[in-house]
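In the structure tokens that follow, the same protein chain appears in two forms, which are kept apart as structure 1 and structure 2.
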Structure 1
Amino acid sequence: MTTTAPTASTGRTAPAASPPAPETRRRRSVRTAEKRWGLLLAAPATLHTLIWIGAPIVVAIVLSFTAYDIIHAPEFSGLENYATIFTDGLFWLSVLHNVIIAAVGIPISMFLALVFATMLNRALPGRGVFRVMIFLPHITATVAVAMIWLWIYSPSQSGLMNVVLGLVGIKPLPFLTNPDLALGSVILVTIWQGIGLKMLIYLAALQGVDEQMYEAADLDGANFVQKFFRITVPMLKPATFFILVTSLISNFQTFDLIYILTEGGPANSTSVVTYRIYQTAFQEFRVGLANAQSVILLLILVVLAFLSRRIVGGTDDD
């Protein structure tokens, strides 16, 4: 039975709102249950992030305003650590080295990864073996990778690189002990190690591109180059953004490779930000200053991530 309610203007009665239909109530109940399960499933990862990422960031920011040497209790020092950073030439030299490694190594490795992904996306014989070979350096421990390249770059005639150069009449070169060669040698290692993951991401993105787009381009008479730059590259924009941002973050987090290969030398020619932070904290015992350097590094990464999104675009709607 439908109930009525009087209206304010005419005094007449109007039908009252009907109760929600059973189907509507069921849908609302399902949506509520989905939200609850979603929050429940996300809770462990959220808690992990807050404890192991959020809390250390807060502690680092607090300690960045203190004078702390591990032995004595922290003492508030205001902006003194940040003032020291802006006059620390070695810190900014380390930042410059990271920028050079990123500016040279990341574009080259991304280009090679895209080329390999495009080739291995085709039905080629033995493509599974090639995928494993290209991806293997990424899953190999960085310590093992560094030891391999220490042998390759060995300044003696037994080093693989110098053996190859000797075949064309070039004398052995001190790749890791010459300030003019050391940074370029490190960049080569980062390129070799970073191609695998980038290729895998591009390969997954390529397999999601609709083949009908290529078929339509064939009907229009487009060649391989035109299809690559007009279809493939635009469709890979989200993957490119993801690879660029993660590569920048990984580049500025490089430590173990530098520690084993060169220890920042020779003459600080390969020192990077994380290695400089390590020196400040555990060799000079200026932990407050090291935390301030870490905060500056965090700000650099945030700015680079924002610029990457503006330049590349993170979604198909950009």
Structure 2
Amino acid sequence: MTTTAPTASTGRTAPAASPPAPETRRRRSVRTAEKRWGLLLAAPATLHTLIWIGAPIVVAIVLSFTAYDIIHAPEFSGLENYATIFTDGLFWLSVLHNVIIAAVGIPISMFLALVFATMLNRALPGRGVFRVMIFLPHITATVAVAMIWLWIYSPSQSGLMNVVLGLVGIKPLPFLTNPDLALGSVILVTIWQGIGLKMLIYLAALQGVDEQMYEAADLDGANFVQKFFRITVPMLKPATFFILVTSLISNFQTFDLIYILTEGGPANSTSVVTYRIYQTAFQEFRVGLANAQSVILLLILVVLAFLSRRIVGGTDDD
């Protein structure tokens, strides 16, 4: 390293010699070193993100105004792609599926997460084990999770769902191959997978709730349900809003699950935005159009992310 910092070393070895001049010089050199190292240490990560996130965003926006099929050079086509999206029923159907999955799945999984979190907030034996069991679906790769559920939903008599239904005398159901059942089956998996993280955030928020409130309520003779709705729920409002927004964001990024479970089918009944973009780009090779779809997705997510950042900003204490 050829870092030229002579003043720093002289300033150190001659502390008592000539009082003010070297001292300020030393401090100034420290400031220069700080500035230089600040830039140097921040540079690799900053350049990396400029190249692999910044540039792609620009490319996506530019290509969204072109007709491009990977083989031929992109050709400027104005707003044609956006006009196409406007009338593309399948794209909006995919958006609708995201909305349905969110509208049905998120509230249910949030409610269950809250119930688990309140229960696990007590000093119970084995609560670490419960927490792990509930959190495992989140830590496991979605591809593996989807494979497991593919097997559970298997239409044969040996799929677990159908084994269980068989125990109560219901005939095997085609969970993933019937257009009326497929989306519901997908939602069930998202609920199961989503409970863990939500529970964790709720648990973290519950640690911040004042125990004395519950003690006071106990003295007033409040029962569990009263305490839950009068103390817990209101105190957890910020966490609830945060979970809601982040869940909405990750819902719009569902891909692996659909790719393995249904490939968007049957009859497009489970297609979601990311899967539609994947198809447009890598199966139909309409890359310009796919980029326009990506820009729409980006707009949806940026709006949601801004909302969440505002909330995080409000509760952050740095």
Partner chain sequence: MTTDHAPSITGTAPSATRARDHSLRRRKRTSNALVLAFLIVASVIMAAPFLWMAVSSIRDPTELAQVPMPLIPKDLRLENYSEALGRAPFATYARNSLILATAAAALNVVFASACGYALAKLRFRLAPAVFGWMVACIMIPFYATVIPVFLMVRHMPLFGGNTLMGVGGTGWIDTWWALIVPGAVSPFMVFLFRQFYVSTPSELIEAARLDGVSEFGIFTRIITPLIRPGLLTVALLSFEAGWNNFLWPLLVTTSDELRVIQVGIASFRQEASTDWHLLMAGTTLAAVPMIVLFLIFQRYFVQGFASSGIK
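Remember, it's a predicted structure, so these values are computed and weren't measured experimentally. Numbers given to residues start at 1 and step along the sequence of structure 1. We call the rigid core whatever largest set of C-alpha positions still superposes within 1.5 Å between the two forms.
The form predicted alone is represented by structure 1; structure 2 is the other form.
After superposing the rigid core, the Cα of residue 220 is displaced by 2 Å or more between structure 1 and structure 2. If you fit the rigid core between structure 1 and structure 2, you'll see the Cα of residue 229 move by 2 angstroms or more. After superposing the rigid core, the Cα of residue 29 is displaced by 2 Å or more between structure 1 and structure 2. Superposed on the core, the two forms differ at residue 40, whose C-alpha moves 8.5 Å between structure 1 and structure 2.
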